[in-house]
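Given as structure tokens, the chain that follows is alone and in the form predicted alone.
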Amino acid sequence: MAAERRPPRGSTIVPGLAYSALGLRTLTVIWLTVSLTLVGLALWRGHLWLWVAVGLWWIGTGYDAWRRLEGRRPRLWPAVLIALAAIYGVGWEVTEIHPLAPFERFDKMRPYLIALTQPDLLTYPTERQVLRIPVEVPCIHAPSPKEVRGEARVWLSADCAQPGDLLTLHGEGFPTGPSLELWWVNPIGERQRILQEGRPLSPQVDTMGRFQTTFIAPRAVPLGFEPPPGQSQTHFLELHIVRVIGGPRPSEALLEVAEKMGETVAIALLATTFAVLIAAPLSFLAARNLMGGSPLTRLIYYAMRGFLNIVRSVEPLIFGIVFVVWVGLGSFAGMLALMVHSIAALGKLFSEVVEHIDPGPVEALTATGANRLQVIRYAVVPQVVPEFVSFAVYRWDINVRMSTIIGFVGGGGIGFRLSEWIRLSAYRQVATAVIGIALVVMALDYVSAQVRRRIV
């Protein structure tokens, strides 16, 4: 018997050649892919340590190939560790990871964390007396105190300010019973509460009916509404004198969150329902075991698979932007965005369910002369319906969460209102919305889990 032909030891200079000569095709492809990746990263970033990693990878794989040629136990793991270290090192650099940033900038997050402990859930019927003080933003003249008189007297330390400037408000002649609130109104009528360390600022009136409080002028003008250079806009500082005249009741934010969460669930429900009705028949065209009979059906199979993969690769947020431009702001755009993405996602899942059915009933019906539609109706559908229902319920659960994000680009639901509250720094209302979203998602997750457990 002829001696077994062994690759020359010199082939380990290019380890991929040695792997190929040994018949290790998969390892050859992996070696070539990793080598090109490391060289590409070294050319892209230009770091010396990356070129060192390329050399060590080459040496490590060459050593592994030499051991295989000598019939010894393979030892590829050192080279693999080197390649992973290089790839993750570039990833760390590109993502600009700063482990201490969350601690150094914790003050930016503090208002949100405080608001989560004080959601806007209940309110009390009140009557309000409002004193308005105009403030020019930014300053185009020397600032001077601004005074407003009524039943009480208030004056502001400056009649103009830059965003971020420190202002002091004084008052005298106020009753001690009612509470005081400070609000800032921008030129387009948007009103936001003045905050101090993440908490709504409420000046305290002393026994003489006087108060003094200091706050920071907020950056309250939306993008696109800034004044031209050398000009100012008139903002208003509002002092609300609030008297409670009744018992507790649901707050306006709580009622709006409940309404918008219902809208969000409806968007997800309709998007999922329409997606199931379309994806279910399309999934049969994307199942290899049903579409492999002729060149035409194979062409349909590949076309359908390609269509589902392309649509599925586009994030729902992108579809949301497209449909907001197409059909306008609102829930309809959000529903269409989720529906299109769900069609592709469910079509892929449904087709895999069809491909893993028991072939026995299919073969039995085919042997009796049944056509393709009859085979699908009586041999395939009964097997896939439970899985289809399970995936549909799970997709509804996913779409409820996605619809919150779709709202940020104008797709309706709670996300749209949440984005406005975040922009206006209405932290207590944001906390109410976050709690509402969490409760609804938890409830739907429980319901969908129970449905899947009973069906599958």
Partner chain sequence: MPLIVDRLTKIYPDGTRALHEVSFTVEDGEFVAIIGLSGAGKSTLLRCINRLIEPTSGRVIWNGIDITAASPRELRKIRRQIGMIFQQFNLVKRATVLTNVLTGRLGYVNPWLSLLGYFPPSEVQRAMRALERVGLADLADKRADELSGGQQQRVGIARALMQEPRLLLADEPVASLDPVLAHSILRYIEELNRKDGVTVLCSLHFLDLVHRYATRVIGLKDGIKVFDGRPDEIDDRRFKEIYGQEAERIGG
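All values derive from a computational prediction rather than experimental measurement. Residue numbers count along the first chain shown, from 1.
From this point on, the text means the form predicted together with the partner chain, which you will not see here.
S.K.: Residue-level contact is defined here as any heavy atom of the residue lying within 4.5 Å of the partner chain in the predicted complex; does Thr368 satisfy this criterion?
M.R.: Yes - in the predicted complex, heavy atoms of Thr368 and the partner chain come within 4.5 Å of each other.
S.K.: Indicate whether Gly247 is a 4.5 Å heavy atom neighbour of the partner chain in the predicted complex.
M.R.: Gly247: no contact with the partner chain in the predicted complex.
S.K.: Hey, in the predicted complex, does Ala379 get a heavy atom within 4.5 angstroms of the partner chain?
M.R.: It does: once the partner chain is placed as it appears in the predicted complex, Ala379 has a heavy atom within 4.5 Å of it.
S.K.: Going by a heavy atom distance of 4.5 Å, is Pro361 a contact of the partner chain in the predicted complex?
M.R.: Heavy-atom contact with the partner chain at 4.5 Å: present for Pro361.
S.K.: Could you check which residue among Pro386, Pro78, Pro134, Gly198 gets a heavy atom within 4.5 Å of the partner chain in the predicted complex?
M.R.: It is Pro386.
S.K.: Quick one: of Met109, Leu100, Leu373, Ile188, which gets a non-hydrogen atom within 4.5 angstroms of the partner chain in the predicted complex?
M.R.: None of the others qualify; the residue that does is Leu373.
S.K.: When the partner chain is placed as it is in the predicted complex, which of 121 to 129, 167 to 175, 189 to 197, 353 to 361 ends up with heavy atoms within 4.5 Å of it?
M.R.: It is the stretch 353 to 361.
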